[in-house]
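Shown below, as structure tokens, is a lone chain in the form predicted on its own; questions about how it binds or moves come after it.
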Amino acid sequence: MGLTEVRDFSLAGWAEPDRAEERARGYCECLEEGNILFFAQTPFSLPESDRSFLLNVRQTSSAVHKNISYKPDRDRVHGLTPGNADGEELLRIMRSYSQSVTNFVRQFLSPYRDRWHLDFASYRSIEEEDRDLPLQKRNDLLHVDSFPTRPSNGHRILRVFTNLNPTQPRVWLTSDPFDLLVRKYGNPARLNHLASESRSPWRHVNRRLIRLTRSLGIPLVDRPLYDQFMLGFHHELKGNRDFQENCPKSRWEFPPGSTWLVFTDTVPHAVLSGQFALEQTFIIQRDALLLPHKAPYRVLEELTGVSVVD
């Protein structure tokens, strides 16, 4: 398979009961193959009053928090200064948004229903064009997602985006999906290291030490082999000028009020411009996948001949 495609579901009648489960399986497979599913109008509840409120919310600084984030498991918002007058209303809106997206995904992607961990939601109020961020945090460089503080252990990163901007599109670039990308741009030495590390007895000793340290309250991250590779690959892609300049690209403009879904660990993506977007992340369990051979962890296992997940 080549470049990512955007599949338009605006007129697809996806909510009709006839053959609903069969259609839902098709949607999941389309995503797992490395495509983007697109709705010209947001397919879940997002009241106009909430949209208007969000358009007037600003981060005080992005030096610490890249975006405003909502953590459903703690029911807390981060990214505003303490005591900000918008805090309580923003929390209510982000909570409601997260619940609405989750209810939509339960129906639209029913094979995944509740076979996920509900990760962070975010509100991206800052214009992406010419945004001043360190290299590894830049959104305008093509990359596949890997979370430094939240290893996925091969479970899939599904993200739902909505463009709240009333007048401007959110502009993306995408390139070849992960299974093609890693074969062309994956560092052979790092792939070989992945295989040798899996067989090293010291790896298990090191991970036991990390877990002991974590039990003492020191926040070290215990990364499976999969996440070690994916985080390094994320950094390498952003720093690879040849890849950024010469890889095949598709440009997409997601218009005001639209929503799109994508596995961002498979689809390399960059945000060239856009302001005011909402996003909810789901970590889909490996055993819920319909096309597991397309999953990045299985691609890495095929290339290295070893298990990369716990």
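Everything quoted here is computed from the prediction, not taken from an experiment. All residue numbers are counted from 1 along the displayed sequence.
Another form exists, predicted together with succinic acid (SIN); not displayed. Remarks below refer to it.
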**Prompt:** Though succinic acid (SIN) is not shown, can you say which of T102, N139, Q228, S110 has a heavy atom within 4.5 Å of it in the predicted bound form?
**Reply:** N139
**Message:** By the heavy atom within 4.5 Å rule, which residue out of F178, F233, F161, Y97 makes contact with succinic acid (SIN) in the predicted bound form?
**Reply:** F161
**Message:** Just to confirm the contact call: exactly one of 113 to 121, 142 to 150, 188 to 196, 88 to 96 touches succinic acid (SIN) in the predicted bound form at a 4.5 Å heavy atom cutoff, so which is it?
**Reply:** 142 to 150
**Request:** Spell out, yes or no, whether the shortest heavy atom distance between H269 and succinic acid (SIN) in the predicted bound form is within 4.5 Å.
**Result:** yes
**Prompt:** Is R170 one of the residues lying within 4.5 Å of succinic acid (SIN) in the predicted bound form, judged by heavy atom distances?
**Reply:** yes
